[in-house]
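The chain that follows stands alone, in the form predicted on its own, written as structure tokens.
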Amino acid sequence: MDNRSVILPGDPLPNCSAACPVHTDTRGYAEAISEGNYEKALDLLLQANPFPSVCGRICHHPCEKECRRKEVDAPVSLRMLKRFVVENTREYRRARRQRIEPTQGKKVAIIGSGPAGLTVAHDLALLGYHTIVFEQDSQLGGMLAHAIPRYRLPLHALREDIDDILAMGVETRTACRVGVDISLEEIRKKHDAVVLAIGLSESVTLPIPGSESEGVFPGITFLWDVANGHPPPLGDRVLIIGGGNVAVDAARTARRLGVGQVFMACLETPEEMPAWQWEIQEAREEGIEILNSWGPKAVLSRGGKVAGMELKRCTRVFDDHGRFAPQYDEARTMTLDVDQVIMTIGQRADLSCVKETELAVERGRLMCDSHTLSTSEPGVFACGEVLTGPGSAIHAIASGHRAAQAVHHYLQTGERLVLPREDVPSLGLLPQRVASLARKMTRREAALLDPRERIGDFSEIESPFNEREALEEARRCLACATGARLESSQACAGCLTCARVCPFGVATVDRTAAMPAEECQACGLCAAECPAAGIALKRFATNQMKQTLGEILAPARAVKIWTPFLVAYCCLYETTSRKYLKPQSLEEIEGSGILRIMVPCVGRLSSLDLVEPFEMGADRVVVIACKEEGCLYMGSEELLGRRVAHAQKFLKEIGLEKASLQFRQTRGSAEASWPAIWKEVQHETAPESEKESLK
């Protein structure tokens, strides 16, 4: 059955999707996972993000920060679910790749093959442009390939994403340094537009005494050399200057290179550090000592080589307006004996590719209009970190999407496009009175190697979810804004049934029923109980069962082959693998005599859903609910039991005495219970002559 999330025109986005820089349908892929449709989940990921393998590992997951489930217990582990999807759909992913033939008759050159540049190439190829990517290194991927440590992002994961893009027909020229091997002006003459996605590949240095000493390394250069198999020789005590993510990467990399003591000195307090908090915590676990509120004063040297660092106390990092304006107490200093110093205090772009051109550069920065992504020269655009400054991979991808829009508009009209601001309406926080009534479910965290193990080499430190873990975590999603809605005001009699049965106190009636989207938890009880059948769910319509049965049975009826069968309604929230979530074949149904219908909570089944299988040819129906106190929604099983009794009475009144409608609950493991229950029901309702064969 197709329970797709539906966002109606004008609906606000779920908070998770609104927070995602590329507005991934996070709710949709969590739902697809919970239904065992991992391929659909991958399709949803790739619609918004050509780098799901990368983001499944290193994304800072702003979606989780805004997840409304945090008001109940903890956010859904959306990043880890993304990783689960890409790691369980590899064959499907390769099969879905296809070449896109250029139809626009125009060529676009992209300088730089990081996430921003390759996203531009991806989007423009989809639009029918001939795209070619110029990369100065021999390997595509930019900083993802050369500066992100392998324990965070293995090359094979990056390659999965890049292979998708190349399969579309995107051309590349690697080991080609623009400005040296070919000039930017030559490229402009041969192409209709050019996009500069050159990132920030150089480290900023500090003009302090001793900074020229042997053993002082720029952070990006250090990470680049290590990633490419050329680590510099290090002593037993290394100091990293900086408190951002690059600093943490450098510190943890040094630890893996065998350095006994690694220090980080940063201006910020622990609360002010710009690095992700989980990265800081993992660094501490690995034995890295962080010296907060200390800034560099001088590199101490002996014989021209690093011998230590003199630090000075930082008393304030930002001014009253939040601007970076550090202040120091020069009288408070500390000396640290170290063998090497790695500077990670900032990054800048390598603008050698624009030398000898008319492109405007001021104070070492490429001049670009952030609203149109246009540079000072027509037809030349910029995106990614060279435009926005340091950021995350997902922000670079978002910038690449915007650049592709700008280029497409320019090539179609000859004009610059003022891109709209990214103000996306969202649902807002889950009201506390609703959150307090939701069932709490423990968040599944990523499993990490023991710190003593993980510093031994550059192996991945994080283990992916297995199928059981992924299904359990996906089902923690509240499916925000896919709840109940009144189909027509004429259908509502104002009977208050919806308000009476709603376990979250969301439904109200003022002449007609109302279920606010920002509050409704999509349990479906109001839709199942509504006497007028006037309420539907956005992702689980009240007529879903009849439609589903009809779609399954139509082929069998067309060839006039069928036997009496049992319809089993089972709760998909109890499955631990997609064995029972995959659609059944006609042969399987005929062979077993069981038509299995997986329902996201059988409590949503209406009285009509319970009797319609008999109209469609079933001779038995069994509804199998979660084990006692296992349901997500309070009171749903009691109400379902009443509907079953009502349907049984109705069936008897219309003379279907032989019809069997039963209500059961799982015992222990659902997947072990179901076959036993099916067999019991088949045996109990079979004619005496058939019972022996059903044992």
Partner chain sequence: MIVADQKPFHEIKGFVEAHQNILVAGCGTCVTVCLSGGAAEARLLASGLRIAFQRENQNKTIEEDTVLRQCDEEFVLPLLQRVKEENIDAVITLACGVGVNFLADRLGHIPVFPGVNTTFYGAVMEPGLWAEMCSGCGQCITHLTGGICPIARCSKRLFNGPCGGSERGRCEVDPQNTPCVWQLILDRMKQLGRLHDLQNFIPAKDWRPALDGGVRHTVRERIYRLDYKNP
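The shown structure was predicted, so the numbers you read here are calculated from the model rather than taken from an experiment. Positions refer to the first chain, counted from 1.
The form predicted together with its partner chain exists for this protein as well; it is not shown, and the discussion that follows is about that form.
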Practice item. Report the stretch among 508 to 516, 454 to 462, 491 to 499, 290 to 298 that approaches its partner chain in the predicted bound form to within 4.5 Å, counting heavy atoms only. Key: 491 to 499
Review point. Of the options E472, E612, E202, D137, which one has a non-hydrogen atom that comes within 4.5 Å of its partner chain in the predicted bound form?
Key: E612
**Study point:** Single option in M168, L257, A532, L437 placed near its partner chain in the predicted bound form, where near means a heavy atom within 4.5 Å
**Key:** A532
Check your understanding: Would Q104 count as touching its partner chain in the predicted bound form under a 4.5 Å heavy atom rule?
Key -> no
Review point. H646 near its partner chain in the predicted bound form, any heavy atom under 4.5 Å?
Key: yes
Check your understanding: Would G668 sit within 4.5 Å of its partner chain in the predicted bound form, counting heavy atoms only?
Key -> no
Exercise for review: Consider S607 of the chain shown here, and say whether it contacts its partner chain in the predicted bound form, taking contact as heavy atoms within 4.5 Å.
Suggested key: yes
